[in-house]
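Take a look at this single chain in structure tokens; it is the form predicted alone.
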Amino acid sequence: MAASLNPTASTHSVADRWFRGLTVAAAAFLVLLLLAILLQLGRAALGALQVFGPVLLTGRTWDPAGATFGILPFVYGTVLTSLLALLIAAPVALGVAVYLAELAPEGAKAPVTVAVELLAAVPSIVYGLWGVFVLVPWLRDTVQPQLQTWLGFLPVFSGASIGFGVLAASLVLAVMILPTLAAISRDVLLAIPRAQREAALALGATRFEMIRDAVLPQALPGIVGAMMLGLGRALGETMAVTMVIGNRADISLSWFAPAQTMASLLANEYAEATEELHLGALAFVGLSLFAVTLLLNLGARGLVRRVAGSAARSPGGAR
């Protein structure tokens, strides 16, 4: 009765309902948008699926002129370049994050942070041009010959030194995802309570031991989440990869060999595709890229939960 006589409480109740409705509508819009994309890609790819069946996913030959479509080389190129980029970028990004959060003097924090943010703002086409004119010649003339001399007995370092290929694409991707990994990892480290650091130092730990034993274990779930976010961006990157990967539909163990990703295939061929089967096969490539990204994100969420659970159960872990 009192609430009904209070106009302020009634106004708040109406405002709360409107606010809740708007947030529900925003969330529902995202879900509907996701379903609409999946539905449209599925409808476009249905004709090619009916003609080629499972061969469309497992085939290794892509020949639009001969109406033969197999996307396995593109799946391989996408996953290989993205995982290799993550392996290259993750240690560097973690080092930058630890430096900014724990070790950098006040005068150095702002310039390094600005540099990280500027790297994240560079357009992908600029990274592609840098890869073509700087990275590829350096790999071709310096890095790849040295790797062949010292590690040529390994299959991944075999083959001709041409610069363009999986290694070049992975390095460009690593530079592109590094700012995202570093910025998120830094924020995760800064979220660890200061009391945790002070307790470790009070027990006699060195600065290194404090970071290793008191900070990083608590930040690990967030750091893993940052790495998976960077991996998701690497999977979908298009222009920079297209410019340096060599664009050859092939599966090779060598990191020096040209390859092609699903995104680069779509960028190269979709505008010129006219045949219905060709368009359907390209739509299936887009659907497969969507599926690969979704599966990796679901796996990442499971990994983050496992890491968080392990950190909570460890001695001194969050409870």
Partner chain sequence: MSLFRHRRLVDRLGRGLCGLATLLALVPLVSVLVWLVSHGARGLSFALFTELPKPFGEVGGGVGQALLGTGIMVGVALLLSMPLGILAGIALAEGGKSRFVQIVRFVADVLAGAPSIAVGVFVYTAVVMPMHGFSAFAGALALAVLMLPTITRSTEELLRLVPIHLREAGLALGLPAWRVTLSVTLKSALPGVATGIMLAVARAAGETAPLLFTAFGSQYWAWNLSEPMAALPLQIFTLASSPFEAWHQQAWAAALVLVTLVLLANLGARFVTRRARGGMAL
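Residue numbers count along the first chain shown, from 1. Note that this is a predicted model, so its numbers are computed, not measured.
Form predicted together with its partner chain: not shown, discussed below.
Among 46-54, 288-296, 59-67, 249-257, which stretch sits within 4.5 Å of its partner chain in the predicted bound form, heavy atoms only?
In the other structure, the partner sits against 288-296.
For its partner chain, considered in the predicted bound form: do all three of Phe29, Gln40 and Thr238 come within 4.5 Å of it, counting heavy atoms only?
Checked in the predicted bound form: all three residues contact its partner chain.
Heavy atom within 4.5 Å of its partner chain in the predicted bound form - residue from Val136, Ile223, Val96, Leu147
Exactly one listed residue reaches within 4.5 Å, namely Val96.
Hey, in the predicted bound form, does Arg301 get a heavy atom within 4.5 angstroms of its partner chain?
Heavy-atom contact with its partner chain at 4.5 Å: present for Arg301.
Would you please decide whether Ile162 lies within 4.5 angstroms of its partner chain in the predicted bound form, comparing each non-hydrogen atom pair?
Close contact is absent here: in the predicted bound form, Ile162 is far from its partner chain, nothing within 4.5 Å, heavy atoms only.
My question is simply whether Phe208 lines the interface with its partner chain in the predicted bound form - judged by any non-hydrogen atom within 4.5 Å.
Residue-level check for Phe208: yes, a contact with its partner chain.
Exercise: Glu198 in contact with its partner chain in the predicted bound form, heavy atom 4.5 Å
Heavy-atom contact with its partner chain at 4.5 Å: absent for Glu198.
Can you tell whether Leu296 sits closer to or farther from Ile251 in the predicted bound form than it does here, judged by CA atoms, where the change is 3 Å or more?
Farther apart, by at least 3 Å.
Against the shown form, C-alpha atoms of Ile251 and Ala300 in the predicted bound form: closer or farther, for a change of 3 Å or more?
So the answer is farther.
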